[in-house]
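Given next, in structure tokens, is a single chain: the form predicted on its own.
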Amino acid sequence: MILGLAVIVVLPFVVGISWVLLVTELAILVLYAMAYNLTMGVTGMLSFGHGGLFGAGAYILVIAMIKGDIAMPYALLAAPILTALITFVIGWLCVRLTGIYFAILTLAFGQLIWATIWKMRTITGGDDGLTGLQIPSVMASPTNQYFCILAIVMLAVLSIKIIVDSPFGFTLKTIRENQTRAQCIGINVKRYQLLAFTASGLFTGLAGALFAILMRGAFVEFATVARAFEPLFAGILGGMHVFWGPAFGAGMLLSLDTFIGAYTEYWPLVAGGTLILLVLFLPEGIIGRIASIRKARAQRLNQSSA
């Protein structure tokens, strides 16, 4: 932990600006992946609509600042809250369904958000997006921006950790493992699913807002279906049932995009091949597999000592 914090503090002073920006983007993607995992990994609900929520968070911040002339701290506070309200409405309609029907309905709402952004040109800029975001002087330099965004991401991830480890989080895991049993012991499954989906939307909106700050604007591509699949892939790569699994998967995903993409435009082919291999041979993800090996080793040691 101490070593990790030391690396975070020293990093922007020993690497170039491009690396600082890349790590900042990674931090945002980590938050996005872990926010999504509240829905998928913790509660067991497959959602294809988080791209729309990510884009909503970005556009709410940018519209508030550019059109409404609202200061960044207030816009950054409004973005996740309003995204959570949107998520609550969507979730209230979607949690009535289960399995693939839930997933398809979330996809429909995600596409609805994307279409709204694309069509409302006078407000959102349409396919041109909204640019010219004025960043406060405290975040003007890449280094200051790096520290500010990382601080926000760390607080958000800590909040997600508290949620997952709380009685509420354990109830969500119970629902994931067996909804019927959860209902039999008196748990209001739909209510908990709605709350989990809303919490996921809150942190997804925050990630989208931070990404808009990094990109100095909001673009319709933020709300595409492709953006919705990023946290799902990250969870599969790292392991959805291990807290830090999606974070590791986000790092892998960005690495494939950045480093392999520098050599070939067919990097999605490499990413797809990697995903297929993991699903076939490591369905629990890389970090999930490591956790399983450690658990099995600990059990063998306990049995041998007994």
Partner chain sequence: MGLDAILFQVLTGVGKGMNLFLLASGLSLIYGVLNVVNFAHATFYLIAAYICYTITGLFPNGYWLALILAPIGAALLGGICERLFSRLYDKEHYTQIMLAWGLILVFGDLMKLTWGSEGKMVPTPDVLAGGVPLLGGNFPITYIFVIGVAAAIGIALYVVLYRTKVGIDVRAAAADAEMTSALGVPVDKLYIIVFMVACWLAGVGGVIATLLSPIYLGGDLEIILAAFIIVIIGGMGSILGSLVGSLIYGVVFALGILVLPRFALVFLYILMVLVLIFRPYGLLGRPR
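Worth saying up front: this structure is predicted, and the values here are computed from it rather than measured. Numbering follows the first chain given and starts at 1.
There is another form of this protein, the form predicted together with the partner chain, and it is not shown here; the text below is about that form.
Colleague: Might Tyr101 be said to contact the partner chain in the predicted complex, defining contact as any heavy atom within 4.5 Å?
Modeller: Yes - in the predicted complex, heavy atoms of Tyr101 and the partner chain come within 4.5 Å of each other.
Colleague: Does Leu280 make contact with the partner chain in the predicted complex, using a 4.5 Å heavy atom cut-off?
Modeller: Result yes; Leu280 sits at the interface with the partner chain in the predicted complex.
Colleague: So in the predicted complex, does Arg216 come within 4.5 Å of the partner chain, heavy atom to heavy atom?
Modeller: No.
Colleague: How about Gly273 - does it come within 4.5 Å of the partner chain in the predicted complex, if we only consider non-hydrogen atoms?
Modeller: It does: once the partner chain is placed as it appears in the predicted complex, Gly273 has a heavy atom within 4.5 Å of it.
Colleague: Which of 244-252, 23-31, 54-62, 38-46 has heavy atoms within 4.5 Å of the partner chain in the predicted complex?
Modeller: Going through the listed ranges, the match is 38-46.
Colleague: Mind checking whether each of Ile66, Leu77 and Val220 has a heavy atom within 4.5 Å of the partner chain in the predicted complex?
Modeller: No, the candidate spot makes no contact with the partner chain.
Colleague: Let me know the one among Met154, Met120, Val138, Leu85 whose heavy atoms come within 4.5 Å of the partner chain in the predicted complex, would you?
Modeller: By the 4.5 Å criterion, the partner-contacting residue is Met120.
Colleague: Only one of Leu158, Ile81, Leu97, Ala71 gets a heavy atom within 4.5 Å of the partner chain in the predicted complex. Which one?
Modeller: For this set of options, the contacting one is Leu97.
Colleague: For a quick check, can you give me the residues of 83-110 that have a heavy atom within 4.5 Å of the partner chain in the predicted complex?
Modeller: The stretch touches the partner through Leu93, Leu97, Ile100, Tyr101, Ile104, Leu105, Leu107, Ala108, Phe109.
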